[in-house]
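Here you get one chain, nothing else, as C-alpha cells; it is the form predicted on its own.
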Amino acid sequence: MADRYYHPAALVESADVGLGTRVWAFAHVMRGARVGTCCNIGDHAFLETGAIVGNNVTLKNNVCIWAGITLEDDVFVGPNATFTNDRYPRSPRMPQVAARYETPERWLSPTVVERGVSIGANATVVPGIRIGRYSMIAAGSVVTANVPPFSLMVGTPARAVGCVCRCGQKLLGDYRTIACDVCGETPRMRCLESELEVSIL
C-alpha cells in the first residue's frame, strides 16, 4: 500500500492517518482526528479533533467534519456538503450558556454516516442522526431525520423517493424482485411509507 501524501499547503496535525491517504492543498486535519486508509481529502476540507473517518472515504472540496461526526468505510461526501454537531448552538462565549459548553456531553449530538453512503454537493445533515448504509442523499437536500439503508433521499426536508443499489444506481420496478440494471445484484426489499428494510442476497 502506498504511503500517505500531504500536499505542501496542507496542515496535518493528526498522527492517526492511514496509509494511502491523500490530503490536498489547504486542507486541515487537526490533532485527534482519525482518518483511515486510502482516503482522499480535498482542498479546503477541515477535520476537527474528535472527527472519525473510515477507510476508502472521499471528501471533496470544502467539507468540514466536526467532533462527533463518524463516517464509516467507503463514504463519499460531495463538495460543500455541511455537517453540524450541536442542535441548539450558541456562542460558548455567551455568559448565559457558558456552563452548557463546559463538557461535550451537554451539547454534542453525534452523527453516524454508515458504510457506502453518498452525500451530494451542498447537502446539509443536521446533528444527532444516523444515515443508513449505501443510501444516497441528493445534492442540495437537507437531512433532518434518520435515513433507512439503501434509500434515495431528495428535498428539504429530505424524503425517501426510492431505493438504490449498492453500486449507486436507482432501482426501478418491483423492489422485492428487481435486479440492478448495471451490476446485476438482486436485493430483496420491502419499501414502506415510513421505513425501508433491505437485505442483500
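One-based numbering along the sequence shown. In this text the structure is predicted, and so the values were computed from the model without any measurement.
Below, we refer to the form predicted in complex with a further copy of the same chain, which is not included among the displayed structures.
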Full three-residue contact with a further copy of the same chain in the predicted complex, heavy atom 4.5 Å, for 14, 98 and 146
no
Taking 4.5 Å between heavy atoms as the contact cutoff, choose which of 33, 153, 69, 39 touches a further copy of the same chain in the predicted complex.
39
Exactly one residue in 158, 171, 51, 45 has a non-hydrogen atom within 4.5 Å of a further copy of the same chain in the predicted complex; which is it?
45
When the contact criterion is heavy atoms within 4.5 Å, does residue 110 count as touching a further copy of the same chain in the predicted complex?
no
Verify the contact flag for residue 123: yes if a non-hydrogen atom of it lies within 4.5 Å of a non-hydrogen atom of a further copy of the same chain in the predicted complex, no if not.
yes
Is it the case that residue 162, even though its partner is missing from this view, gets within 4.5 Å of a further copy of the same chain in the predicted complex, heavy atoms only?
no
Taking any heavy atom pair closer than or equal to 4.5 Å as contact, tell me whether residue 25 reaches a further copy of the same chain in the predicted complex.
yes
